[in-house]
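Single chain ahead, by itself, as structure tokens, in the form predicted alone.
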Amino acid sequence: MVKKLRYTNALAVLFTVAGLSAPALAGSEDVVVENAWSRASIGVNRPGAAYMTVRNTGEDAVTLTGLATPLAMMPEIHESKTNSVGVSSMAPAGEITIEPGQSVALEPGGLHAMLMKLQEPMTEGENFPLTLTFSDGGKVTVEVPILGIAARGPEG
């Protein structure tokens, strides 16, 4: 178990240093964050967003309670919805519980990491750290690559 944890942590460090979006593992090894990405912003006057898949590989439910990044003063999980007459709205989603063996997709048009009060522009080709906090006190930090302003997914 210790060797596996060291190997996993070494891989996470290697991918982070290389600037790649690698899976990030919680201390309990139950949460995996995959395919993190974001779009370049237009300055700092409008919020940015980040997207990823958060997977629970454990035997107990985990609850995502918050986000942190030096890039934005107000990072929150938001959800976009469209009602039956086609009117779209967005609001904070609150805590997100992920059942064992399940995943939650943070993607355009649904749940997403909303990055409000940007401290600097999100520039294509750069990365930023995003820390996910869970109800058990565990944290997962992932390096999020910033793609072009018209990107539609982690592949660009």
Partner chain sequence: MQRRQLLLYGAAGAGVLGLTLFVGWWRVDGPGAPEPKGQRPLPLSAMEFRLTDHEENEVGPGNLIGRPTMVFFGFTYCPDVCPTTLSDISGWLEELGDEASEMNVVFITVDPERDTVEAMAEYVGYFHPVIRGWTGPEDQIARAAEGFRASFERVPTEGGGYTMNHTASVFLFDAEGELVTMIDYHEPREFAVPKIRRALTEDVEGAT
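Just so it is clear, the model here is predicted, and its values are computed rather than measured. Numbering follows the first chain given and starts at 1.
Not pictured, yet referred to below: the form predicted together with the partner chain.
Trainee: Residue-level question: is Arg55 within 4.5 Å of the partner chain in the model of the complex, judged on heavy atoms?
Mentor: Looking in the model of the complex, residue contacts with the partner chain do not include Arg55, since no heavy atom lies within 4.5 Å.
Trainee: Does the 4.5 Å heavy atom contact test between Met114 and the partner chain in the model of the complex come out positive?
Mentor: Heavy-atom contact with the partner chain at 4.5 Å: present for Met114.
Trainee: Under a 4.5 Å heavy atom criterion, is Phe128 part of the interface with the partner chain in the model of the complex?
Mentor: Answer no; every heavy atom of Phe128 is more than 4.5 Å from the partner chain in the model of the complex.
Trainee: Can you work out whether Ala105 and the partner chain are in contact in the model of the complex, taking contact to mean some heavy atom pair no more than 4.5 Å apart?
Mentor: Flag for Ala105 set to no.
Trainee: Just one of Gly94, Pro100, Pro70, Gly110 has a heavy atom within 4.5 Å of the partner chain in the model of the complex. Which one?
Mentor: Exactly one residue meets the criterion: Gly110.
Trainee: Looking at the partner chain in the model of the complex, is some heavy atom of each of Asp30, Asn35 and Lys139 within 4.5 Å of it?
Mentor: Looking in the model of the complex, the three residues Asp30, Asn35 and Lys139 all stay beyond 4.5 Å of the partner chain (heavy atoms).
Trainee: Scan 114-153 and note down the residues that get a heavy atom within 4.5 Å of the partner chain in the model of the complex; none is a fine answer too.
Mentor: Heavy-atom contacts to the partner chain in the model of the complex: Met114, Lys117, Ile149, Ala150, Ala151, Arg152.
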